[in-house]
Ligand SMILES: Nc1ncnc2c1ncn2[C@@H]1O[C@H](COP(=O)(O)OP(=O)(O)OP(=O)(O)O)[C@@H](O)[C@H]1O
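Next comes just one chain, in structure tokens: the form predicted alone.
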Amino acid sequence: MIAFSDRARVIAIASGKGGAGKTNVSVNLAVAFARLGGRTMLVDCDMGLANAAILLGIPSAWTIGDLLSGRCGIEDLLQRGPAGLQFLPGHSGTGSGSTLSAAERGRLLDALRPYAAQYDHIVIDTGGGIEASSLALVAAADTPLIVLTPEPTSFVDAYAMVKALNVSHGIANFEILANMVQHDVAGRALFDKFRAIVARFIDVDLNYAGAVPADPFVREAVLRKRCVVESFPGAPASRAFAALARRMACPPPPAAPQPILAEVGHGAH
């Protein structure tokens, strides 16, 4: 079992636009943390096309939209997932934006604050795009984890996300995960190419978090409405998520009080 720190480490998963597998990464990383023995909460902050509940196979009568509107409390909303994971489902449907307003972030802050000390990791599946509200969630986390794939559009989107967070919020340190690559060597090559391009224009520190291979078992797990680390723990992608969780489970350096609980309720800078 991994020895965790005394306070939750907040990890925000982002990718710019959709298609990079952000939600799959969020769900499988959170479950991998829980399988290591860490007290873990997964918060689906996509207010338009929330899919984390589908990947977990957890139906819910309530969503985070109901929490923010006052129709339910966080106790009604929290769902128990694989390995003891606690899950806050996002809202999926028409007529709702994909991100949280400043007022909604404030209400989410108030709801989460009493629970913060009870967890080792809080994984935030952020909404797609680089709107100010999405950036504010990522910037407030301890660790921004940017999901990058070999697709040219993903490359451009990840660059736009890093630039926007650096310019708007002064974020200078990022974890970069290569997703849906052939193998770790290809993942490292993709990261090196990305870092070389970013370094030409932006003064930031990019860290290679690792690679998750393209794996047909991921799709099979989705069809079963389960996450791959639970459905197929021996699959290549599952082993990669487990390795990622072990690397990221190390306690972060001493820091100020929980950033996301101090800042997430504020508007974008």
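Bear in mind the structure is a predicted one, so any value in this text is a computation, not a measurement. Don't overthink the numbering: it's just position in the shown sequence, from 1.
The same protein also exists as the form predicted in complex with this ligand; that form is not shown, yet it is the one meant from here on.
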Listed residue that, although this ligand is not shown, lies within 4.5 Å of it in the predicted complex (heavy atoms), from V204, A243, I58, V222: V222
The single option of I171, M180, L190, L112 touching this ligand in the predicted complex, heavy atom within 4.5 Å: M180
Residues G19, N24 and V212 all lining this ligand in the predicted complex, heavy atom within 4.5 Å: yes
Heavy atom contact within 4.5 Å of this ligand in the predicted complex, the stretch among 214-222, 58-66, 196-204, 33-41: 214-222
